[in-house]
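As structure tokens, one chain now follows by itself in the form predicted alone.
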Amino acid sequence: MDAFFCWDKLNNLIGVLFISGCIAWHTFQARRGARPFIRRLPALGALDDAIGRAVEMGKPVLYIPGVADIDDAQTLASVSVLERVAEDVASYDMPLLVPNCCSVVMSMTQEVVRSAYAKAGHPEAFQSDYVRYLCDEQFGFAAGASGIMMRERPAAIFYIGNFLGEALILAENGNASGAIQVAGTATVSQLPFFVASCDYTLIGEELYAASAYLSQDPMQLGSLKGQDAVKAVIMFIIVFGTVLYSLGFTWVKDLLTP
């Protein structure tokens, strides 16, 4: 039996089963109709404010879904947020510009925006050049998107997704155009640039929380709440284990150490 199972790694197996079980249980509950509480983030309120400002000024809204392909988790979360933004913009019969860095992402975002205009009762308002492909090279894409900002002068700009070295270029050009800017990314190295240049920023996992909150997708809701439950248990174990270890009891440490 020892040749097929490493008993020293039993705690790892228990941890994986516990995490998987929490996520599966909350996903099951969400699919049954239970809607877990998710705190509304300040940046989500800024979405409506920014779109309202664009409507009042009669200017377009610019949405940039990052520079990663569709297999990136941040891009998938961005598409969920785009669906809500597109529905709000389409309901006011206003233009929504979505430049893309990847052709597959462009196809998906184009369908999302087209469906939003049709759902809002303005299918004729959608134009094919609203959603366009610019360049698959990040700085070439940044140059093209910056050009759109300078020409179209959008009143609201959303940066939601995976961004790399082009983040500061985009945010600074958007700031120079006078637009309200809302950003969201889980790329830690680019967060300081968005925080400094944008009005509101979804930091790290808040991007996925925003996606789940806006889409109300059971899979996303269950995954989010399951991970929160696991984090709460881990925090309790850390605090409880620290107290016991300080009192001379080492069994928690021994249990968690391979």
Partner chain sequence: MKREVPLIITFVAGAVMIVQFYTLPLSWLGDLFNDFFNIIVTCAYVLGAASLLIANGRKIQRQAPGWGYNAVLLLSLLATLFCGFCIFPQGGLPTDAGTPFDWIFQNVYTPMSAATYSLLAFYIASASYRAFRARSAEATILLVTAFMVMLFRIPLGELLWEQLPILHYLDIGDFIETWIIGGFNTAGQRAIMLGASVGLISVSLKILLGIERSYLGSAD
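Numbering follows the first chain given and starts at 1. Basically, rigid core = biggest C-alpha set you can superpose within 1.5 Å across the two forms. Just so it is clear, the structure is predicted and the values come from calculations on it, not from any experiment.
What comes next is about the form predicted in complex with its partner chain, which does not appear here.
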Thinking of Thr27, Leu168 and Ser197 as one candidate spot, does its partner chain come within 4.5 Å of a heavy atom in every one of them in the predicted bound form? yes
Can you tell me if Ser91 lies within 4.5 angstroms of its partner chain in the predicted bound form, counting non-hydrogen atoms only? no
Does its partner chain come within 4.5 Å of any heavy atom of Thr250 in the predicted bound form? no
Verify the contact flag for Asn12: yes if a non-hydrogen atom of it lies within 4.5 Å of a non-hydrogen atom of its partner chain in the predicted bound form, no if not. yes
Just checking whether Arg132 would be counted as a contact of its partner chain in the predicted bound form - the rule being heavy atoms within 4.5 angstroms. yes
Scan 73-100 and write down, in order along the chain, each residue with a heavy atom lying within 4.5 Å of its partner chain in the predicted bound form. Ala73, Leu76, Val79, Ser80, Glu83, Arg84
After fitting the rigid core, is the C-alpha of Gln216 off by 2 Å or more between this form and the one not shown? yes
After a core superposition, would you say Val233 shifts its C-alpha by at least 2 Å between this form and the one not shown? yes
Tell me whether Lys59 is among the residues that move between this form and the one not shown (Cα shift of 2 angstroms or more, core superposed). no
Between Met106 and Pro218, does the Cα distance in the predicted bound form come out closer or farther than in this form, changing by 3 Å or more? farther
Knowing the Cα distance between Gln74 and Val16 changes 3 Å or more in the predicted bound form, does it shrink or grow relative to here? closer
